[in-house]
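The chain below stands alone and is given as structure tokens, in the form predicted on its own.
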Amino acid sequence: MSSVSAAVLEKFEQPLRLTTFPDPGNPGAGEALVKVDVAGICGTDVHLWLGQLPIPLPNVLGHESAGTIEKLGAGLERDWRGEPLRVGDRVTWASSIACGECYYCRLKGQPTRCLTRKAYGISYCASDPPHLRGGYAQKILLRAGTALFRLPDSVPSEALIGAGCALTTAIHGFDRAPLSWGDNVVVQGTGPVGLAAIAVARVAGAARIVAIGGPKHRLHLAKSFGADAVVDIAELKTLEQRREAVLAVVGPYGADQVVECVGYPDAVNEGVPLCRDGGQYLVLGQYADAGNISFNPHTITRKQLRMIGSWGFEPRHVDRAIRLLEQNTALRDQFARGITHRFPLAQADEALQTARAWAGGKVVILPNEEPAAH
């Protein structure tokens, strides 16, 4: 039996180890065996590596991936949109599967809170067959019921993964906390989620967008994605300095919406006062448990704020992300150019540490490319 290589997280804060697993062979009914062409390194992967979410170990990480269909199981003939599927098609997929039957799925219409939801690259133990349930691998076996999307020719796989789950996360966030045309927006954080939030806010009709973050190369990216102004946390070191810089752009009353995309709890205390009275604060970045903060809830009452949390995304947000990239050539090209580091699978740990160090833009793994000769 042939084997498939994967980069495995065996212990938190320890290097990923290249491991081989049996090739799954023929997929079961409704399943798909996909050769992974490109897998993105998400900020959540760094949090997972640090042990900030309870996940089973060992684990094949990677929840934002695109690949080529190698085999289709019986009955899997069409993608989520109803388009026909064939061996050789380029595809992507929603990273999680909801049951559709529980309290949150059926009664409350919030499948991201499904009681039995499982996500590729997060929820599956690599010791359990079929082992290959994450993107940091040469192949992935997708479960029956996965929301699979055939990629249009106009959307390169690298453009899609350059956008990554950050784009779908931002789309879901603004679904829960809609912008009004002409709103002033502050985005905290200039990582992938922050850049995606800037892009979506611009498409949604924001008037002025201010990005708070760093380092400088990410601030340059923020402007290219649509930020009107940036606030460098390395230059403006105090909260008051940054607040003055933000208000100089959005006006003395504050922003209509502030979007937290940082992932560090203290960002919330900085962001809430930047909202105007009656504004809203959207929390996108706190996906992992990075700790608690001391917070005065009087601020919420006094400012009459709406505070909204958003967790993950649904298949419909993947659909919207693909359509947005299909229709917006400039944004598609921008996300593709945002990839600054590409690593073979054998260097998956180096890829993860590069993303952790904020050493560039988007970092991706090309699982089926051979390492460069030295």
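Everything quoted here is computed from the prediction, not taken from an experiment. From 1 onward, residues are counted along the sequence shown.
The discussion below concerns the form predicted in complex with another copy of the chain, not included here.
Not displayed here, another copy of the chain is kept clear of R242 by more than 4.5 Å at the level of heavy atoms in the predicted complex.
N296 belongs to the set of residues with a heavy atom inside 4.5 Å of another copy of the chain in the predicted complex. Although the partner is absent here, G205 lies within 4.5 Å of another copy of the chain in the predicted complex, judged by heavy atoms.
Another copy of the chain in the predicted complex is approached by V200, whose closest heavy atom lies within 4.5 angstroms of it. Contact with another copy of the chain in the predicted complex, defined as a heavy atom within 4.5 Å, holds for exactly one of I339, I69, L324, I55, namely L324. This chain lacks the partner; the member of H217, K118, R176, K223 within 4.5 angstroms of another copy of the chain in the predicted complex by a non-hydrogen atom is R176. In plain terms, the part of the chain that comes close to another copy of the chain in the predicted complex, with a heavy atom within 4.5 Å, is 252 to 260 out of 86 to 94, 121 to 129, 156 to 164, 252 to 260. In sequence order, D79, W80, R81, E101, Y103, Y104, R106, L107, K108, Q110, T112, R113, L115 are the residues of 78 to 116 having a heavy atom within 4.5 Å of another copy of the chain in the predicted complex; the partner itself is omitted from this view.
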